[in-house]
Structure formats: structure tokens, C-alpha cells
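This document opens with one chain alone, in C-alpha cells, the form predicted on its own.
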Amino acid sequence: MGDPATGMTGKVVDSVVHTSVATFYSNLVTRPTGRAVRSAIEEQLQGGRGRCVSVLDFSQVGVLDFSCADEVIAKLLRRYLRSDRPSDAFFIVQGVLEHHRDPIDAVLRRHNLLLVAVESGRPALWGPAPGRLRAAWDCLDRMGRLGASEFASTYGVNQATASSWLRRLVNWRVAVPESFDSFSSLPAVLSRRDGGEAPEAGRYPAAAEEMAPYGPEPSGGDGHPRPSGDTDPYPSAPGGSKPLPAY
């Protein structure tokens, strides 16, 4: 059952698919190996109806090279970012170790992608997110579930601006919409699906340097897609030169 006051539904996702990546290969090296793993993951998601969270577990993976990270992570994310994606799937990786991070982060930055990763038990946003987008994700991650009005109040911006930034997280598949203006973090969705409580505010103490100010960014577009009705005019394609406005 949903909450009629907030418009939130009780069923945010229809299924969760857990995949131990080491089931396919314990060492992910060479591009053909990466293609085989990605194909197996996509096959697991075929035929699913509704919204799905795919949890990719790297805890038993030994070696991960850059070519496999490109095939397994980057190409998978790119396919499910497209409007003609095979299914409404969101991805989160867990069990990532220090030696996994460099190749994954490198391919995310090369292809301008974002990914939620759980490292040492703590979720983080990986990839080249600009400061204000990262601040939105950090806020959502701490709260677990968040409405645009709450975000607007936290950062002192109008609700249209708050909604715009939260919807960008959805566009990049690192947050899940619950209703028109309410959103959940991927870890919170998994927690509720597993029968646990939604994470509470302040679940992770935020260091000051992690709380990017919701103000101007350095010049240059961030390359992230803009939802319809977006309120700020910064360029949406890489290489733009117009600075982000302050609110």
C-alpha cells in the first residue's frame, strides 16, 4: 500500500536480481571475457516486467582489467541509459575492493557515466558527477527517501530547481522515482525490499568536504541529460562554456 499523503507507492521496484559476477569468471581479463559476462547479465534481466534493480556482486572477483570493466560496466550502463533500453533496470555494484575501483572509475569517466557502488559497506556515487549533482545524491543517500520540497528546504533553493536536480539522478539511473516529486536511493530501495527499515537521515556522517555547496560550478557543462522542464540554462553537452548559475 502507498502513502496517499505523499503519493509514494509501497512497491518502488518489481524485482531485485542479485548476480555474483565471479559465477561467470573469477578473473575478468580480456574483452571477450567481459562481453560474455555482460551478455550473461543481460540474459538474466530478459523477460522481466516492470522496474528492476540489478545488484552486481564483485566480492569474489580477483583481477579486473580495464577492457573487462569497459565491457561489463560501461557498455551495460550505456545500453540501459538509452530510451530503447531492454527493460527498466537500475544497477548497483557491491563487494568492490580497492583494486576494482581504478578500472571501473576510469571507464565511468571515459564514457561520462555514473554508478552507485558499495565499498566497505558504504554506498558512494562513482563517476564524473559535478558538485551540485553529487550534493543531491549525497543528500538523497543520507535520507534514503526524499521529496523535492525537503531537498529545496535543505539547500535553500526553489522546489522546481530541487526537482530538476533529483530528476537528473533518475535520468542517470542512480536514483529511483517513487512518485512525481519523491525519490529513493538505490540502497534504500534494497533495504526496504529486504524487509528492513528505510535508512534514516544522518545514517552516514558527511564530512564537510563531501557536502558540495549548492552554488556555482566551474565553467563548462557537465554532460548530463536535462529533464524536460529544467530551470537552469547550463549546457547539457560536454564542452559547453556557460557557467552554472547561482540560485
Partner chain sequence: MTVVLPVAETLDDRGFETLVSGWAGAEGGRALFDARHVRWVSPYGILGLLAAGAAWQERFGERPLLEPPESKEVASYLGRIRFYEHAHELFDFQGHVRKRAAGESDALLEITPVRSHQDVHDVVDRVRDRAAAILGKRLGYPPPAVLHFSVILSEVCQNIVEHAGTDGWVSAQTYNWKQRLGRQVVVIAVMDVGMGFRGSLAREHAQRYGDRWSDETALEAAFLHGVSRYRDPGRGQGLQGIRKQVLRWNGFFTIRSGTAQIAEVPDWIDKQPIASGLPDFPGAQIQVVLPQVVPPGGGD
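Model, not experiment: these values are computed from the prediction. Numbering follows the first chain given and starts at 1.
The form predicted in complex with the partner chain exists for this protein as well; it is not shown, and the discussion that follows is about that form.
- Judged against the partner chain in the model of the complex with a 4.5 angstroms heavy atom cut-off, the residues Asn27, Arg31 and Asp70 are in contact without exception.
- Note on the partner interface in the model of the complex: the residue among Ala135, Leu114, Ile92, Val107 having a heavy atom within 4.5 angstroms of the partner chain is Val107.
- Judged by heavy atoms within 4.5 Å of the partner chain in the model of the complex, the contact stretch among the candidates 73 to 81, 163 to 171, 139 to 147, 125 to 133 is 73 to 81.
- In the model of the complex, the partner chain sits within 4.5 Å of a heavy atom of Val63.
- Remark: Arg35 counts among the residues lining the partner chain in the model of the complex, judged by a heavy atom distance of 4.5 Å or less.
- Contact annotation: Glu119 falls outside 4.5 Å of the partner chain in the model of the complex, judged by heavy atom distances.
- Residue contact with the partner chain in the model of the complex: Asp102 places a heavy atom within 4.5 Å of it.
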